[in-house]
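Only one chain is shown below, in structure tokens, and it's the form predicted alone.
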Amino acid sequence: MSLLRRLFRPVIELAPALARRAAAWRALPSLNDATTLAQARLVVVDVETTGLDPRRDRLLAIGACAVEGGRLHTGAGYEALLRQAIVGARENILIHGIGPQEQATGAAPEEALMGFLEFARKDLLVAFHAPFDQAVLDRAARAALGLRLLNPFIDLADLAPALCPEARLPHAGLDDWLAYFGLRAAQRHRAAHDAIATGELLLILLHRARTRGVVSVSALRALVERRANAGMGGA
């Protein structure tokens, strides 16, 4: 984005109630990297979009669940379908299964995104191929609420091979890792179901991390960063 576009980006005018919620979210404390994994709340998130370009394609659905105290809290997760002014292409609908009626009657984007931010707080977010989810959510939150997504992210696509090199799945997808550990999503390409399946994978990886002496958020993030940098170097 050019300097002029950043300077003259339109200000988002929020309704008073929504503005108060946004201000409360801004005031939340940031994650302390020294927090132990046993004490941390990790929020697993998955998104469905109209395509695979995070710079252009629209956010359709958000699914999230929390891992805390070594448990996956599936009954207290977050799920939202975002109302769409334009229905996505038929080919895309065949993948995610979110039909025209669901797209037309979903939640207002600002409500769906504010609800997600309130659920996520400023906690550590976890996703498979996290840069995509991070970019999509950040762009949508800026457009609907004028808020930047401030949460740090962990990418399980880097964490899994870092902790499980014996699997020999250095560049595998989520389906490959679920199959490796005998897991399955109740319904693939539905954000809430994918988030729960990813959360189950995360629990296994957190156990692996503990056995390797990785016990803090900072140590886990460092492990992922080393793996990502090694991948960029062709390792």
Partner chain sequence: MLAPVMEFLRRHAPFDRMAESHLEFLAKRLRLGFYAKGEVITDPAAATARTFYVIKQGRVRGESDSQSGPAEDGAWELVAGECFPIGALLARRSVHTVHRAVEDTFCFELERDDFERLLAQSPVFHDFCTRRLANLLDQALRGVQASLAQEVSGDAALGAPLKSLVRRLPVACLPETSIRIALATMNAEHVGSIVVTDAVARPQGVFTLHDLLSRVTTSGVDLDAPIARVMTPAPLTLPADAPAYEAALLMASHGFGHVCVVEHGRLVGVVSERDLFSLQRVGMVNLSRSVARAPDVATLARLGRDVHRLVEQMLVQGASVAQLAQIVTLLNDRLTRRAIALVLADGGAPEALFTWLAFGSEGRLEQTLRTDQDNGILFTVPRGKTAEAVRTQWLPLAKRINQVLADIGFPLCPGNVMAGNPECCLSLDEWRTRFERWIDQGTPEHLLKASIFFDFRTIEGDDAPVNELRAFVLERCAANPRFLRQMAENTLRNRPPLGLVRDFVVPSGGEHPHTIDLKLQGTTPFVDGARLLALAHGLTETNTLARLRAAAHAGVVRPEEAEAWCDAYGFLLLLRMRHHQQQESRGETLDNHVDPDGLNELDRRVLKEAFRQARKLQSRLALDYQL
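As the structure is a prediction and not an experimental result, all values here were calculated from the model. Residue numbers count along the first chain shown, from 1.
Beyond what is shown, the protein has a form predicted together with the partner chain; the following relates to that form.
Participant: Are all three of 71, 77 and 183 close to the partner chain in the predicted complex, meaning a heavy atom of each within 4.5 Å?
Facilitator: Every listed residue reaches the partner chain in the predicted complex, so yes.
Participant: Can you say which of 50-58, 206-214, 162-170, 27-35 gets within 4.5 Å of the partner chain in the predicted complex, counting heavy atoms only?
Facilitator: Contact-bearing stretch, as computed: 206-214.
Participant: Considering only heavy atoms, tell me if residue 42 and the partner chain come within 4.5 Å of each other in the predicted complex.
Facilitator: Residue-level check for residue 42: no, no contact with the partner chain.
Participant: Heavy atom to heavy atom, is residue 174 within 4.5 Å of the partner chain in the predicted complex?
Facilitator: Contact with the partner chain, no.
Participant: Relative to the partner chain in the predicted complex, which residues of 34-60 have a heavy atom no more than 4.5 Å away?
Facilitator: Counting only heavy atoms within 4.5 Å of the partner chain in the predicted complex, no residue of 34-60 makes contact.
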